[in-house]
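Taking the form predicted on its own, here's one chain by itself in structure tokens.
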């Protein structure tokens, strides 16, 4: 009877574990599907702010304007229609709220019933005008007014754009290149900074330190991984940023270099732990054979142990990169959050995780800005997935070579 109940309990435990595993897998799949569904919805959104349209004079030969051209026009960077393929003439940008400075409330009629008529008159009088108007007030009955066609945001505008201005009107800019470059710049230099000391500490703990020192040092290093990232951010903001500004004589200390230094410290526990485990897994026979052939301890370390553990060290580096790429709060606090293409470590940058954290709370749910942030999450998911798969492949090679 006891064996029967034991078997029933085992089967029940197995079923429970299988159910938990299945639910976890389904939940992860649903999260990924939701992420990509919301993100890819960006390419079904209009280039111009939703609910608005661009109007020009009917005699204007321009057929279409790109979002970049619209932004340049309303920013005053393009001032002649000839630059956009039209006839030589000055461009007159016109925003909807300017109508209230041209007409009184009486002239616009009760409940603004004559608003669309007056807007049509303004466009009719100014052949060089480009008006940014709400769709509900479009002067569509005026033959002198032509509404420019609006297409959906193209993937090339997102993945090839160089400006990230999701709230600018009338044409938001969703160029992701500055964010990707900022993320890669900060993460790669963080690993380059963390790798030498990380590898050095791993060698010391694996080959040089006695057992008592190793037992004290290993928990202390692993404790670094438990410190909240906001604490690292405060430390960077209070200590590292002023030092960078003072030593390098920069106008601001919130730079990519500050972010790289903070991420380097945060990646150290991952690099040290995995690299040290890989070195300690080197077969004892290989160490003894090297020493028996007359090699010194140091020669054994860099000619036998490090080459044997190369795959494990590579996996440590790759996982360290993954740790750096996904970090949010500390980077948000010390990099300056400038969404521009970086040209050096001494400029302010913005990373993908920092952008999502800073803007998601202000983006209207279901809007274009909201979807663009989800698409940034898709990019981050693909990057971290690639890093994780690379680490798994490298670790597998290490395991196979060890056998």
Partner chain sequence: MKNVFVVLMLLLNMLPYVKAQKIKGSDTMLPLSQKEAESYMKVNPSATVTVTGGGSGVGISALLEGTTDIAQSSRKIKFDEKRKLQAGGKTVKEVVAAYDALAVIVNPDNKIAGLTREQLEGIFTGKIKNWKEVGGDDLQIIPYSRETSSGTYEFFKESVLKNKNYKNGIMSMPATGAIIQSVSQTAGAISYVGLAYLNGNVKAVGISYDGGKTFVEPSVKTTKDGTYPVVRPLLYYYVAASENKVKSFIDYVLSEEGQKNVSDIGFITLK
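It should be emphasised that the depicted structure is a prediction, and the values quoted were computed from it without experimental measurement. Residue numbers count along the first chain shown, from 1.
One more form of this protein should be noted, the form predicted together with its partner chain, which is absent from this view; the next part is about it.
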Would residue 165 count as touching its partner chain in the model of the complex under a 4.5 Å heavy atom rule?
yes
Is there a heavy atom of residue 371 no more than 4.5 Å from a heavy atom of its partner chain in the model of the complex?
no
Indicate whether its partner chain has at least one heavy atom within 4.5 Å of a heavy atom of residue 304 in the model of the complex.
no
Would residue 254 count as a contact of its partner chain in the model of the complex, using a 4.5 angstroms cut-off between non-hydrogen atoms?
yes
Among the candidate stretches 276-284, 110-118, 140-148, 203-211, which one is within 4.5 Å of its partner chain in the model of the complex when only heavy atoms are counted?
110-118
Of 345, 54, 375, 338, which one comes within 4.5 Å of its partner chain in the model of the complex, counting heavy atoms only?
338
In the model of the complex, the residue from 242, 89, 197, 85 with a non-hydrogen atom within 4.5 Å of its partner chain is 242
At 4.5 Å, heavy atom to heavy atom, what parts of 91-114 sit next to its partner chain in the model of the complex? List them in sequence order, or say none.
95, 96, 100, 111, 112
